[in-house]
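A lone chain, given as structure tokens: the form predicted alone.
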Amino acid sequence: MQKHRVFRVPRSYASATHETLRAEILGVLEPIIFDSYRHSSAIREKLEHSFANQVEQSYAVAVHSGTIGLFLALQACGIGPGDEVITVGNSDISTTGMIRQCGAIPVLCDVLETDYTINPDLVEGLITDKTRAILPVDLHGHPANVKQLRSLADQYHLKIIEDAALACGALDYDKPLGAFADVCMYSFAPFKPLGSVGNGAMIVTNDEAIHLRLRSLVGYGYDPRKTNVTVGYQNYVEQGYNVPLDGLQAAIVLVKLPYLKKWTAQRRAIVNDLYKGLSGASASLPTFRQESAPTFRSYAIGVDNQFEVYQKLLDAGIETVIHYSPPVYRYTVNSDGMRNSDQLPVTDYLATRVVNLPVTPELTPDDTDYMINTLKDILKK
């Protein structure tokens, strides 16, 4: 059996945090495991209500994963075969993959070198008579400028589906992410800012029609408003899925949700220390709009000799990662070509430079200093 590598500075200390929350976690898990199965759905509903309040949205639907969450959000917005959706090429494969799973066509827009999110000034030039939606990604926890995109979407009657998988806890224009979108997806996968111990996600919206469609899609295609069947019988009104969030995952996220603001503040403090410590080193550090208040799933910096720096950081016991490189349009699965993929100079440039440093909120000042000093020493050489 292969042993897990032990890191001096790991990507996550979640197990230690879970230990501090042991009594709370066991308190919500035990009824699900040892009592009525109805506890599972009750916990999921409570999480949906609490999360909607936290992000200031009217509705929240908890689902199995961020991938299925994006797929359902696209479907709930009416995206289908032949439609075009403008998005980015420097995200997880789920982003463009779910557009394709709907039968739609991803149209790729270049990103900003400052914060790695979609360049809103380039979007209008990509709109055609087939464009139906814009799908911005809050990459690494950095909010895309969805407010600027909102004006454009309204002008062209487009939907905005926001991929906030990596950005739970972030704000933009003093509002939680999703405020300027038609629908927004947050992920609860283990390495995300609000992680469970398995897959999970939340789809949020202020649009009642989108919410009702999501409920139908999540539950096999059942719509209680349209079935009109005698109790004890079934009827389904569309082809749906069976993808509600598992109660065990929902329970863990529900316990952790009240700590999100504290953990977000800790992530920002760690990044502030990293920024100050690495300023002047031969690394490119992200910068943000004044209105933007990121959280940080990681601290994504640009370096020369990307793989060499990555390997040396690992050798020094720092669990760094290279995320989303090469860009999604260079994957074998997309070798048939992706629209506008030859017009993405910033995306191509960043893909050869970005490495991701740990920003788990439990890091100590010694951990942060160790990362700074190690990286500066590597960059000098």
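What you see is a predicted model; the values in this text were computed from it and never measured. Numbering starts at 1 and runs along the sequence shown.
There is also a form predicted in complex with a small molecule; it is not shown, and the following applies to it.
- Checking Ser65, Thr352, Ser40, Asn356 against the small molecule in the predicted complex, a heavy atom within 4.5 Å turns up for just one residue: Ser65.
- Shown without its partner, this chain lists Ile118, Ala165, Ala250, Val183 as candidates; in the predicted complex, only Ala165 has a non-hydrogen atom within 4.5 angstroms of the small molecule.
- For the marked spot (Leu70, Val137 and Ala189), a heavy atom within 4.5 Å of the small molecule in the predicted complex is present in each of the three residues.
- In the predicted complex, the small molecule lies within 4.5 Å of some heavy atom of Asp92.
- Interface membership of Phe51, defined by any non-hydrogen atom within 4.5 Å of the small molecule in the predicted complex, is ruled out.
- At a distance threshold of 4.5 angstroms between non-hydrogen atoms, Gly200 is in contact with the small molecule in the predicted complex.
- Note that among 189 to 197, 272 to 280, 121 to 129, 205 to 213, the stretch whose heavy atoms approach the small molecule to within 4.5 Å in the predicted complex is 189 to 197.
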